[in-house]
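What follows is a single chain, given as structure tokens, in the form predicted alone.
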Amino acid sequence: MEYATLYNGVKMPILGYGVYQVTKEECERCVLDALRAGYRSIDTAQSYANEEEVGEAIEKSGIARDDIFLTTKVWIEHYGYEETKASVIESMRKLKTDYLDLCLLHQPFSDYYGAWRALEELYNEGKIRAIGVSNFYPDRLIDLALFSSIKPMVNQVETHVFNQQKTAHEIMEKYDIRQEAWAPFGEGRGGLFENATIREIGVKYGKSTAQVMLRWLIQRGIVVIPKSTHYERMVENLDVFDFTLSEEDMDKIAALDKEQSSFFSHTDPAIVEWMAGIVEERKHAGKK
């Protein structure tokens, strides 16, 4: 395993296992499989509704807590200083741990400054080893980095061959903030797994298109958290440290950038309204 060193000295595996869209019913089994395969970094979130299952799997695995890099994320409805702090403590309870290796603010909306102050305090208290954000576009990332006591250590954003985030990557490097890729395969949208260029490169190295895509991101210094519910693919996704893409092949893949999201833009007003609507719905549901 290779590691990414954050600016505060914390080392995190450059390849981890993500549980986004892994159901509560499957999550415990999947995390146990991932740990058995050799993963030592697990990424979850409050909004995934599977923190308890992740905690259960880690406990059952018998692997020492110190050997696992555990990440969760605070959802928008828990933003604001007091609410964020309470929600993180609750996440730790669900995850059966007394500390987190990394905690992120999941979205760049609502009172993320109040939420960030809570993460700063929990970090200073030693309850979180590293703090960061997710889905923060360059303008909001710079805003938070320049007007906070502690700048983010990680920014987890959509990053894959068709949306390479080159400008955002340059800005994160400038501020020494580590980029982490969600959806490193772009969920296969746009025929990504069948792309002729990537397949041709894969044949050259005796690797699958998935392995080539992960290797390309890792060689750019980007942390990846691929998800699979199949053990064989979990093992395959880990098998990316025995080859190195040539500069020519890196450039060929770089030329595939479409420079747009395969999902949605956080700067789209309709998306902001949609996320605000989700928060309102959950608030009302909680009052019933």
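The first residue of the shown sequence is 1; numbering continues from there. None of the values given here were measured: they were computed from a predicted structure.
If you look for the form predicted together with a small molecule, you will not find it shown, but the lines that follow are about it.
Residue-level contacts in the predicted bound form: of 178, 78, 215, 73, one residue has a heavy atom within 4.5 Å of the small molecule, and it is 73.
With the partner omitted here, the residue from 135, 164, 110, 195 that has a non-hydrogen atom within 4.5 angstroms of the small molecule in the predicted bound form is 135. Heavy atoms of residue 183 reach within 4.5 Å of the small molecule in the predicted bound form, making it an interface residue. Put simply, residue 236 is close to the small molecule in the predicted bound form: some heavy atom of it is within 4.5 Å. In the predicted bound form, the small molecule sits within 4.5 Å of a heavy atom belonging to residue 156. Residue contact check for residue 15: none of its heavy atoms lie within 4.5 Å of the small molecule in the predicted bound form. Shown alone, this chain has one stretch from 186 to 194, 78 to 86, 199 to 207, 168 to 176 that lies within 4.5 Å of the small molecule in the predicted bound form by heavy atoms: 186 to 194.
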